[in-house]
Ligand code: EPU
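Here we start with a single chain on its own, the form predicted alone, put down as structure tokens.
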């Protein structure tokens, strides 16, 4: 067990940003589920990020990077170690010609809106994708129109030793819903090169995609987005539906009746209930189709306190 008080005191002395203890992570994720963070910091700037990572490295403390918590299930026991919350940091956006430089804490919806306003196309694949740019890059988020990495030039990050690095797209070895970043690193900025197009056409594409999303996904209730990656040549939601699991409920959690690849929080759901549904879906799909579903969401923390 980490000595929380001494860690908190050390971080208070080093950082300009806020330092919290036993902060509920349920209030920091889209699911609204999960236990507390042992220590959570809101870095004020790049130097705070470097200092916090150096402390974690020196004291062998695990670090979880948190943006908007859109693609994450925090287990009921919470997260031991340090949670670095970037939701209030790295919010800059700068347009120069066909390039956009973007802070990692910027919401995907804000970047998309800016690109449309400036008549720049290429990021429409982010339509309806929640979260921040840093998290979207880490998971190579996107839709059938394309992924965020497709138009990425470079990312600036801080590695676990507290050193800044800049990596070009080709160095990230990105694949479907994956991106290889240096272990323990924190993305702080990204640069995209887009193409000129008519703003009205871009907005029409975005509007059409949003209407389709609202019709096919359970946007009216809490979820963490797609639970599983689509297997090659198929769709995870179709496989879960084929297994007869749409609508299956466990406590306050339910496999969505609208889309088989979503688990929703109907109110008061626990992470244990969500996890039970995940494992049930994987087992049933494997038994009926022989397909091993791979998680798209990130599951973090411990099942119970202690």
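Numbering follows the first chain given and starts at 1. These figures come from a predicted structure and were not determined experimentally.
There is also a form predicted in complex with this ligand; it is not shown, and the following applies to it.
A single residue from the set 121, 99, 217, 109 has any heavy atom within 4.5 angstroms of this ligand in the model of the complex; that residue is 217. Between this ligand and the residues 54, 32, 238, 250, the one pair within 4.5 Å by heavy atoms in the model of the complex involves 238. Between 172-180, 112-120, 82-90, 189-197, the stretch whose residues reach within 4.5 angstroms of this ligand in the model of the complex through a non-hydrogen atom is 172-180.
In the model of the complex, this ligand lies farther than 4.5 Å from every heavy atom of residue 50. Although the partner is absent from this view, residue 205 stays clear of this ligand in the model of the complex, with no non-hydrogen atom inside 4.5 angstroms. Residue contact check for residue 75: none of its heavy atoms lie within 4.5 Å of this ligand in the model of the complex. Put simply, residue 226 is close to this ligand in the model of the complex: some heavy atom of it is within 4.5 Å. Residues are counted as partner-facing when one of their heavy atoms sits within 4.5 Å of this ligand in the model of the complex; in 231-265 these are 235, 237, 238, 241, 246, 258, 259, 260, 261, 262, in sequence order.
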